[in-house]
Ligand code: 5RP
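We begin with a single chain expressed as structure tokens, specifically the form predicted on its own.
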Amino acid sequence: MNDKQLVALQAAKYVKSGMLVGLGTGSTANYFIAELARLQRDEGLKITTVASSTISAQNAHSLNLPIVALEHISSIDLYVDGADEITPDLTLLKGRGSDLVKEKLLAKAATQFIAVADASKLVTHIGQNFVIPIEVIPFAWQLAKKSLETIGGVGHLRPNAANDGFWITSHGSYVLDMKFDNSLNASDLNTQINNTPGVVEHGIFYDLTHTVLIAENGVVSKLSV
């Protein structure tokens, strides 16, 4: 069993019958979804799920997990998802797959949000290893980029897979991939990006995470605020 599977199985222990559970996206989330399906099949777990992406929704559906659409919920009991970076204060960087809006909606709506990852995702500051994805309204991308540059941002629109145009999210936004000066802490950066006109959402998940489960060499440790 690899570390991703191990940490996903540990997260599944937080799930109880009657819960509405948010499903993350990615390889670790897939192990979590598979374990929920096993618990439903073998142990009679009764839950409803809501997905952060089309691919996770399809995965859950194929495993016969009950699923509801995001527009039908106002709160959820538990959300489990991975992260690209995790700082000591449990700020996350997410969104390289560009499902930013749904992911942050579920994180905010959750009574408990658990991030699952391996030790390679632990960093000292947000943006240490990856650019920060920022979803922007297409007609406003140049204005938004200019505003972000005034707070130290450097970056470009994300190209599409064919490299012949721009990446477009599931609901029609562009994505600016930006790096910022390390002197800006996550709280200030979160606020300043939020206050930038034209920005739809961004990948800094500040003050949203309740618990982080980290797997390293077959051992899972728990980090909490």
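Not measured: the values here are computed from a predicted model. Numbers follow the displayed sequence, beginning with 1.
A second form of this protein, the form predicted in complex with ligand 5RP, is not displayed here; the remarks below concern that form.
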Close approach of residue 135 to ligand 5RP in the predicted complex, 4.5 Å, heavy atom: no
is_contact(residue 28, ligand 5RP) in the predicted complex, heavy atom dist at most 4.5 Å: yes
is_contact(residue 84, ligand 5RP) in the predicted complex, heavy atom dist at most 4.5 Å: yes
is_contact(residue 95, ligand 5RP) in the predicted complex, heavy atom dist at most 4.5 Å: yes
Which of 104-112, 137-145, 151-159, 75-83 sits within 4.5 Å of ligand 5RP in the predicted complex, heavy atom basis: 75-83
Partner contacts for 151-174, taking ligand 5RP in the predicted complex and a 4.5 Å heavy atom cut-off: none
